[in-house]
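Heads up, the chain below is alone and in the form predicted alone; it's given as structure tokens.
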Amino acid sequence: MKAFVLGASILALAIPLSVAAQDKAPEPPLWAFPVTQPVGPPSKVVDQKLPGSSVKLSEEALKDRTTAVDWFPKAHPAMPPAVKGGRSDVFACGYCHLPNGNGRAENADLAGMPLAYLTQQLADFRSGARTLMDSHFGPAGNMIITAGQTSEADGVEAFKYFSKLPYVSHVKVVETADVPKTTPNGFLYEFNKGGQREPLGQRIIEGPDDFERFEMRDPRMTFTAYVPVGAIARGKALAKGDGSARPACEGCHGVGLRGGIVGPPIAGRFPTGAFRQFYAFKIGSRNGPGAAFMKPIVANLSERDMIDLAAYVGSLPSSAQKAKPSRPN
């Protein structure tokens, strides 16, 4: 199987999509959908090692999307078959979303998400209620393909596993006017090491703090999301609602946005992922039961509003954290 919810999954190569292209609504901003260029085949010889782990893996194993890369097998419960993988014809959920469920900035973090919510997302992918915003964005396309290959029983077992895992935010939100120059890579951004910088403008630029560890699928990997100056405060004000058409976010997503009766926990999740979901609700590529609540809320939000809300959401401590450290530029 492969992965579910909020976006979904794959790192390096964008496989050809067998999903029909969507009728064009407003074009989503390209910065939110960085595309990776194809790379050569992996080596089958050299064993890779990760500091702190006794596991050795070949480069071929690191690129095999049908099996979860598990550097720390004692750090999580036993994975059900759909998460662990092993079939040659279906992606493993744990490959993209990682054995600890924390996910990565190009896909979805599933840890701590309610079972009912995850189950609904798989149903929405299978029914076509969730569709592509950008036909070149491999993670979302692969998620749709994989959802069609996933049985309900496999999905339930995988979701039970992920829903019981604690989610600890591993993204730092930094307000800045300029950012390190980047290269689109792995369906997110690789920060160039030359010290050069460029204006951020109205974007979120998000990527791993150590790209080599990212490529090795280190579950301890941390990320940085650069957002415009003042975005967090503006997003906080928007999250309070306007008292009429746009209710406060906490009304559905709970205190601190760590989960409520209606809405899933969103605090401390990846800002680019949050932005993509706001945009999906707005242009209609996310439908289904949950979308009915969100569509009127995002209907009148500008792109900057959605950036600000995503920055605020990402800056909050998750339910497994007492507080997130501040991150000045």
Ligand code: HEC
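Only a predicted model underlies this, so the values are computations on that prediction, with no experimental measurement involved. Note that residue numbering begins at 1 and tracks the sequence as displayed.
We do not show the form predicted in complex with heme C (HEC), though everything after this point is about it.
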{"property": "Option touching heme C (HEC), based on a heavy atom within 4.5 Å in the predicted bound form, out of 188, 249, 179, 225", "result": "249"}
{"property": "Contact flag, residue 206 vs heme C (HEC) in the predicted bound form, heavy atom cut 4.5 Å", "result": "no"}
{"property": "Any non-hydrogen atom of residue 32 within 4.5 angstroms of heme C (HEC) in the predicted bound form", "result": "no"}
{"property": "4.5 Å heavy atom contact, residue 92 and heme C (HEC) in the predicted bound form", "result": "yes"}
{"property": "Exercise: residue 50 in contact with heme C (HEC) in the predicted bound form, heavy atom 4.5 Å", "result": "no"}
{"property": "Contact check for 133, 143 and 313 against heme C (HEC) in the predicted bound form, heavy atom at 4.5 Å", "result": "yes"}
{"property": "Candidate stretches 167 to 175, 207 to 215, 192 to 200, 241 to 249 - the one whose heavy atoms come within 4.5 Å of heme C (HEC) in the predicted bound form", "result": "241 to 249"}
{"property": "Stretch 92 to 107 - residues with a heavy atom within 4.5 Å of heme C (HEC) in the predicted bound form", "result": "92, 93, 96, 97, 106, 107"}
